[in-house]
Ligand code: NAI
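This document opens with one chain alone, in structure tokens, the form predicted alone.
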Amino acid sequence: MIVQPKFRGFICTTSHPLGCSAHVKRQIDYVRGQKAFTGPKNVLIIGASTGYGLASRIATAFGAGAKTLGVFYERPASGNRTATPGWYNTAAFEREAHKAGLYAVSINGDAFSNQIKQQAIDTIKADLGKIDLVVYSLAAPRRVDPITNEIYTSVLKPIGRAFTSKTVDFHSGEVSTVTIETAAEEEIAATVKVMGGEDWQLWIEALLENGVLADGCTALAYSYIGPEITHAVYRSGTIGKAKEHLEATAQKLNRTLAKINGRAYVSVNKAVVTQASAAIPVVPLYASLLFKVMKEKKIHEGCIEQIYRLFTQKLTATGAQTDSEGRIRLDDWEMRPDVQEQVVELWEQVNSGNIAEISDLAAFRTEFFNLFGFEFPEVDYAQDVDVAVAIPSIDG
């Protein structure tokens, strides 16, 4: 079939298998173009099919020669409906990994469930023995509690009072004002349940109890803080409460992992284009301005560049560089005072008439389409393509 982007709100409902493959190949080529590093050899990535999780899989596999087990929840193609981008990403990653002689196996299912945890444990025991790095990179809108079966849904809302600020429609370039109403207490609690550290802790405890964590194992989760501009809807909002819980969980896990000389870290990463960030009011406008400033200063990074820097400079075999609260700061370049001062100046000026000149909205939009496999010049989107792509370790 001929696949073109289709939208429902800010979500693209189609994805292109060849474009997703091109996206993955670019990231692999980036890592192959860098210096190989000494890193983990057996890696479990929970949330391995897109964004930082996928970048972690690519960086450790092609940068350090690691065997990787990826867990995610993606949908294969069905009839005239394309697969999700994460499905195509994983198929492309596994093809390249297997060509390179690397172990790469994937598990598709609800990572919050006990069944998927047990399937991962059984696979580790059968194929890998023990894991020396666990990356937790889930970004899900809802969670079913594995004990009570209660369903929790996360929300993107401020806490305490409504928030009004600038935002942009990154398709049209129209800058407008948006107001987001405050979250109820039950919405805050539900967001923490979905996006906090509870499931990360359950994973680590299950892996530890089953004896599949190597001595000195590292547990790593990803977070974001961001600038004052986005704090009301992000760090001081419902998501921020979840991220605070995630960071507190890291401290608990440090004590839990001490028995095997292990360690747990939260890496605070830079603002990038993801399916989630594109849907958060204020963030696309802030990111578009940020990209402009960071590119001018030659310090802009996407997911793969950041994660490669993480494993070669911030989290190495000799230890981790952390802030006073024990967090790894991959957002160090984003949060530089000179960067933020310029972004704030542009924020005060930006409107629909000048956004194309003073921001990099075009790049934000292109990167958004790239997430779904579109707007890659090497792909002919007018050609028929087979959307029924298999993931070797799942379908083949």
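Note that residue numbering begins at 1 and tracks the sequence as displayed. Predicted model, so just to flag it, every value in this text is computed and none were measured.
The following text describes the form predicted in complex with this ligand, which does not appear among the structures shown.
Participant: Exactly one of W200, Y224, F311, Y286 has a non-hydrogen atom within 4.5 Å of this ligand in the predicted complex; which residue is it?
Facilitator: Contact with this ligand in the predicted complex is made by Y224 alone.
Participant: Which pick from I188, L128, A271, I229 sits with a heavy atom within 4.5 Å of this ligand in the predicted complex?
Facilitator: Looking at I188, L128, A271, I229 one by one, just A271 meets the 4.5 Å heavy-atom criterion.
Participant: Where, among 294 to 302, 311 to 319, 252 to 260, 67 to 75, do residues come within 4.5 Å of this ligand in the predicted complex by heavy atom distance?
Facilitator: Among the candidates, contact is made by 67 to 75.
Participant: Does this ligand get within 4.5 angstroms of any non-hydrogen atom of A92 in the predicted complex?
Facilitator: No.
Participant: Is K117 close to this ligand in the predicted complex, meaning a heavy atom pair under 4.5 Å apart or at it?
Facilitator: K117: no contact with this ligand in the predicted complex.
Participant: Mark D132 yes when one of its heavy atoms lies within 4.5 Å of a heavy atom of this ligand in the predicted complex, and no otherwise.
Facilitator: No - in the predicted complex, heavy atoms of D132 and this ligand never come within 4.5 Å of each other.
Participant: Although this ligand is absent from this view, report whether A48 comes within 4.5 Å of it in the predicted complex, heavy atoms only.
Facilitator: Contact with this ligand, yes.
Participant: For 123 to 144: residues with a non-hydrogen atom within 4.5 angstroms of this ligand in the predicted complex?
Facilitator: Residues within 4.5 Å: S137, L138, A139, A140.
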